[in-house]
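Presented as structure tokens, the chain that follows is alone, the form predicted alone.
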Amino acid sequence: MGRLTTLLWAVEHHECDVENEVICAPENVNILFEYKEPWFSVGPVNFTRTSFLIFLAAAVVIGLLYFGLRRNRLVPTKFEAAIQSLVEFVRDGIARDIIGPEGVRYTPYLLSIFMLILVGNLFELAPLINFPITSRMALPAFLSLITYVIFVFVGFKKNGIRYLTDTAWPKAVPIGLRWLVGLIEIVSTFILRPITLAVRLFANLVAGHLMLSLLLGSGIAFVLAVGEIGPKAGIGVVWFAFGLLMFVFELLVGVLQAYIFTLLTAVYIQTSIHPAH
């Protein structure tokens, strides 16, 4: 709701020309994503709305897993069955299928990031929140950094220095190309992986959040200005309808991006355990 309020404020203060502009947008769209005003501070740390939403997402994940798994009933409730199915999906469909038998030990981490990203993404569609916490680069970057530390640590623990030498000098490649392929693999594995992992999640959620905010905000702005622009207010109805359709699309994107992030994390761990493959 905060983003829609911003757009409506722009209309009231004539910063948005509803007579000549098809889409009503603020001059600086960063305001659609940033919450810099702290609610309170603890020493040098400012506690903002974004900080609260991150803790809220973590609390939701803990609550879902606790109440969904605390009872091992023979006949679970629908809620418990849904949570158990989700756990089995991550454990069997991602951890075991991608990493192999050793993947079970990584299930808690994979399940945690999948659930946190999923809940954080779906905050975009939650009433009175309408803000995906993954549209702030800090969270995807932090999760990517943890994944990076895990798969690099696992790679050296399982293979020793061979993890680095096999990456830099791949024996399956013709010897004349090994230096080139090795250079590409070194850059890809130790530099690009965490960056692309974070940017992929961040960019998709930013794009969707921006489209939802602008379409719904423009729709309301044009409808409210019907007295000034007359029939042109019908544009607002069209934009608002598109915004509602985007809700369905963003639901799919939110689930898919959580799955892709978790899947790639499992792939990176698997290639660290078996770098020759």
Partner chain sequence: MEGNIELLKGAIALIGYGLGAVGPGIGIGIVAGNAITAMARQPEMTGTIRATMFLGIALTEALALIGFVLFFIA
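Just so you know, these numbers come straight off a predicted model, no measurement behind them. Residue numbers count along the first chain shown, from 1.
Quick note: we don't show the form predicted in complex with the partner chain, though the next part is all about it.
Taking any heavy atom pair closer than or equal to 4.5 Å as contact, tell me whether Leu210 reaches the partner chain in the model of the complex.
Taking the distances in the model of the complex, the answer for Leu210 is yes, it comes within 4.5 Å of the partner chain.
Quick check on Ser144: any heavy atom within 4.5 Å of the partner chain in the model of the complex?
No.
Within 4.5 Å, heavy atoms only: does Ile186 come near the partner chain in the model of the complex?
Because no heavy atom of Ile186 falls inside 4.5 Å of the partner chain in the model of the complex, the answer is no.
Closest heavy atom of Ala168 to the partner chain in the model of the complex, within 4.5 Å or not?
Ala168: no, not in contact with the partner chain in the model of the complex.
Given that the partner chain is left out here, which of Val173, Val199, Ala138, Ala82 has a heavy atom within 4.5 Å of it in the model of the complex?
The residue from Val173, Val199, Ala138, Ala82 that makes the contact is Val199.
Is it true that Leu256, Leu264 and Val267 each have at least one non-hydrogen atom within 4.5 Å of the partner chain in the model of the complex?
Yes, because Leu256, Leu264 and Val267 each have a heavy atom that approaches the partner chain to within 4.5 Å in the model of the complex.
Just one of 153-161, 173-181, 105-113, 200-208 has heavy atoms within 4.5 Å of the partner chain in the model of the complex; which?
Flagged stretch: 200-208.
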